[in-house]
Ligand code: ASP
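A single chain, nothing else alongside it, follows as structure tokens in the form predicted on its own.
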């Protein structure tokens, strides 16, 4: 078993002018997570670090760069899960927090609850010393442009998943450490121009992510309403329990979601032996994986570029 971290930057269609930045971002996040694993750190530390990097990167729909709700505000969801204990923590509709993924971990580590939402999540953040940031610090010109475009007369602001996914998708990571422990972390700003208070799959155990040392770990991305209907992360692990490989199980889960509810998306998946997969049914998904001191990455179907983890990006 070789430690591994796999990250995704969201399923959908990456605009051409943002593809280079998105690819670089996931590679940097994977390298940051792998540095922790290579130093003997835990899979939980690795996925939280990787996702935090993506939350800080304005090219992604999480943390800074989150898409805006109908009021033009940032509301974010995040989840972590520890495969060794099945411990998990999540936050939903949280405001003014730079790294919701770190707050989700604090929910897991410091409360008896699994998920805190909205003002309750922010109140908890203040109680454990997590600083709030100015709301405008999380808003980028790109997210503001997407918001304004979706307000234009004649724009379909219903449940058209492709119109939503075309903007950006959720980010996430899975990892296996030297002890064979798996973990997942997922974070998002949600869909463009969502209703105030809307919560998608990310904060839902078994949909936005799941981790169990007996099977593996998954982080999901795509149209949240579709992912929740099929419990995508847990569905993929079910297929692994039936003997399917990480690659096959990921494909089966995505195919079922598309055929049953017309949902498109993507996943990164690992098993406790260090096998991994990055699969998607959407047009694109920026992803990167680090294992055996090698960095793998891609964005289009079938891509798997590689180079040494220590080479300049």
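Source: prediction; values computed, not measured. Numbering follows the first chain given and starts at 1.
Keep in mind that the form predicted in complex with aspartic acid is missing from the display, and what follows is about it.
- 198 is the sole member of 198, 229, 144, 178 with a non-hydrogen atom lying within 4.5 angstroms of aspartic acid in the model of the complex.
- Looking at residue 170, you'd find a heavy atom of it within 4.5 angstroms of aspartic acid in the model of the complex.
- Mapping the unseen interface onto this chain, residue 210 falls outside it, with no heavy atom inside 4.5 Å of aspartic acid in the model of the complex.
- Interface residue remark: residue 219 is not counted as part of the site for aspartic acid in the model of the complex, having no heavy atom within 4.5 Å.
- Aspartic acid in the model of the complex is approached by residue 191, whose closest heavy atom lies within 4.5 angstroms of it.
- From the list 123-131, 78-86, 220-228, 107-115, the contact stretch for aspartic acid in the model of the complex under a 4.5 Å heavy atom rule is 220-228.
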